[in-house]
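Read the single chain below, which is given as structure tokens and is the form predicted on its own.
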Amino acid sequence: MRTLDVVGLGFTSLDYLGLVPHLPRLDEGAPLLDFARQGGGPVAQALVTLSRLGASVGFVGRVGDDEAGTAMRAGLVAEGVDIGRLQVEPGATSGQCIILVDHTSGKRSICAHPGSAGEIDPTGLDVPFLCSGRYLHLDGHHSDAALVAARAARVAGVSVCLDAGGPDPRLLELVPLTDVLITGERFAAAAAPNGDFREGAGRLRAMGPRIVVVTRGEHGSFTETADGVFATPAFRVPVVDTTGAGDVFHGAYLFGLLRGWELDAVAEFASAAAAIKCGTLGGRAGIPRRAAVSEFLRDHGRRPPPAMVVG
């Protein structure tokens, strides 16, 4: 019996963000135009997106018992994320990131500290919980545990979604176990001898996923399935910060799949949610709710997807 919509296994962090007039060069200072501290992490942000849109979600990850870990746990609970299986390592530090955001472009430089909490032990996974959703969402972190979880999901008939951000040999091990692969352009390009992301998408789909989506930032997204390919343009909006835009896209895309929408509508909805997020500093503060995405689509001359649910 499925008790949740999506269960995620992956990374969570505490992000410290500073908005600067320009990214400083070596030995150069820059004033902070704005500053924020928010929860982050690929799977964690996708799950918060899903929860704000109306889905039920649970998270499996690993943090320390430090102040950062306490803040992350409280933030996820406040967003309605089930963290009952989140592992807390006594005496360990949690993952944290320092992010400088360029005021002109909204692009950023990220310095990430993984913390000392370590990897999730795959032998201690709560497999029934991991398989209690309609989708299992992975970001490639805790790779041994992710492989165990993906194999268990396949046996249990749970669809697996993978967020593949950049070239990583361990991510390739997960691709054959994946149903929905949402990848950055670099990962797709690395899969093709000629470095073309379109050819890479085809090669990745041949490895097993039924849907491959390549996110391309301001250039939108590219989708390949057995039925063909299509491109979805990005929405042109004023950009404050692109941090977390891809994570929001993943969460909104999964929400569309949960609702049973056609894939072109799913991609457009996810693009709209990511565009809205880019108007706010930080990966979490700007994550929209369903009504905001529907209003955004109407304002841009699009019809919001229907309120249908399948399964």
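Throughout, we count residues from 1 along the sequence that is shown. No experiment lies behind these values; they were computed from the predicted model shown.
The form predicted in complex with a further copy of the same chain exists for this protein as well; it is not shown, and the discussion that follows is about that form.
Although the partner is absent from the chain shown here, none of Pro176, Ser221 and Asp227 has a heavy atom within 4.5 Å of a further copy of the same chain in the predicted bound form. Remark: Leu9 does not count among the residues lining a further copy of the same chain in the predicted bound form, judged by a heavy atom distance of 4.5 Å or less. Tyr16 belongs to the set of residues with a heavy atom inside 4.5 Å of a further copy of the same chain in the predicted bound form. a further copy of the same chain in the predicted bound form comes within 4.5 Å of a heavy atom belonging to Gln96. In the predicted bound form, at least one heavy atom of Cys111 sits within 4.5 Å of a heavy atom of a further copy of the same chain. Contact with a further copy of the same chain in the predicted bound form, judged as any non-hydrogen atom within 4.5 angstroms, is confined among 195 to 203, 123 to 131, 97 to 105, 148 to 156 to 97 to 105. In the predicted bound form, the residues of 22 to 41 lying within 4.5 Å of a further copy of the same chain by at least one heavy atom are, in order, Leu23, Pro24, Arg25, Leu26, Asp27, Glu28, Gly29, Ala30, Pro31, Leu32, Leu33, Asp34, Phe35, Arg37.
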